[in-house]
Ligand code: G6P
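Here you get one chain, nothing else, as structure tokens; it is the form predicted alone.
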């Protein structure tokens, strides 16, 4: 089994206890390894370490956990780096979700202007992290979970030789959800999704080895006016049946823009505010469990549930232990999706072994869904370069190209207000 040093940047976050459960669940695959928790908050780091140490001890695992607020020190001589952080916290996410609504544009965590400004903030920090990696652990592999993962990976892979891949569980769940919504067993689904992160479509979708789409079409025809089903599920089923492929849930923001904008404008709170209302209980639960000899996290009182960031840890296991597994990945295309650019970061299927990640040949995206994915891909490329080294003008151009904005006047006005609100997290070149 691989004995490695793993740095976890974001090790004091609300998701960190669940992530440590994931590491410990796979502890036998990493015996003798060290996990370095890196964050800005010493108190929360200490709490996560206390939880982890107790969970490790009760299972008799040979794993060591250390903590530091000095990022470069924590990264020194690491073999793997897990990145999952949120610059500005949920307060910044609230701004991402609320400010665009004033301009008649959807506010969302990874889509539209909200996702754009999260990318600017995330990449500003990632650029510093990559500089540290290049300095003290240049051979380390970086496994990124920081949103928006596709744009962050786009920025790094075009500007640094550091090994970098991004991960999201979405492709493991999006397609299977449709089976559950129509009363079928999700575990009998086989789905492969390709495209962009939060912007992928199924190119394989079978149920018990048979094409799933006729089953979905029949169920949707019978239930399309069923008011007991949430409107967003009916919208996505409509989209899937119309396009002949299963979409990532985030496509609803583009294909049903007007309805969702009205719903968000009518909602009294943002999603970020809803989460912030629960954050104190998360930490109270973590403190309570840290006092037990055998901590047990309650998924209902843990941010994101438990077994967080599990896909990245699966990827570490597959690579460092040479498993030869196929997993969803966000990496440069290299021919995997035949009708997207070779150097563009895409979400696809990858083969993982000791050599790293080899994107599998998945063929083309269907023509009826390609256009929007291409537009989002170009927008993401512009955003990544503006965030990494561009000017305010570059950034406004990128924002104006986003399909949820598509208005220069709105792009300029939204940019000015959101850049001022997030100024402390942005480089000066993006503010003047």
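For clarity, every value in this text was computed on a predicted model and none was experimentally measured. Residue numbers count along the first chain shown, from 1.
Same protein, other form: the form predicted in complex with this ligand, not shown, and the subject of what follows.
Asker: Which listed residue (326, 231, 125, 275) meets the criterion of a heavy atom within 4.5 Å of this ligand in the predicted bound form?
Answerer: Of the listed residues, the single hit is 275.
Asker: Which one of 310, 79, 109, 317 is close to this ligand in the predicted bound form, taking close to mean a heavy atom within 4.5 Å?
Answerer: Contact residue from the list: 109.
Asker: Do residue 271 and this ligand come within 4.5 Å of each other in the predicted bound form, heavy atoms counted?
Answerer: The answer is yes: residue 271 has a heavy atom within 4.5 Å of this ligand.
Asker: Is residue 168 near this ligand? Define near as a heavy atom within 4.5 Å, in the predicted bound form.
Answerer: Close contact exists here: in the predicted bound form, residue 168 approaches this ligand to within 4.5 Å, heavy atoms only.
Asker: Counting only non-hydrogen atoms and a 4.5 angstroms cut-off, does residue 86 reach this ligand in the predicted bound form?
Answerer: Yes, residue 86 lies within 4.5 Å of this ligand in the predicted bound form.
Asker: Is there a heavy atom of residue 147 no more than 4.5 Å from a heavy atom of this ligand in the predicted bound form?
Answerer: Judged by the heavy-atom cut-off of 4.5 Å, residue 147 is in contact with this ligand in the predicted bound form.
Asker: Please pick out the stretch from 356 to 364, 333 to 341, 238 to 246, 86 to 94 that is in contact with this ligand in the predicted bound form, where contact means heavy atoms within 4.5 Å.
Answerer: Correct option: 86 to 94.
Asker: Enumerate the residues of 212 to 251 that have a non-hydrogen atom within 4.5 Å of this ligand in the predicted bound form, in sequence order, or give none.
Answerer: Contacts from 212 to 251: just 250.
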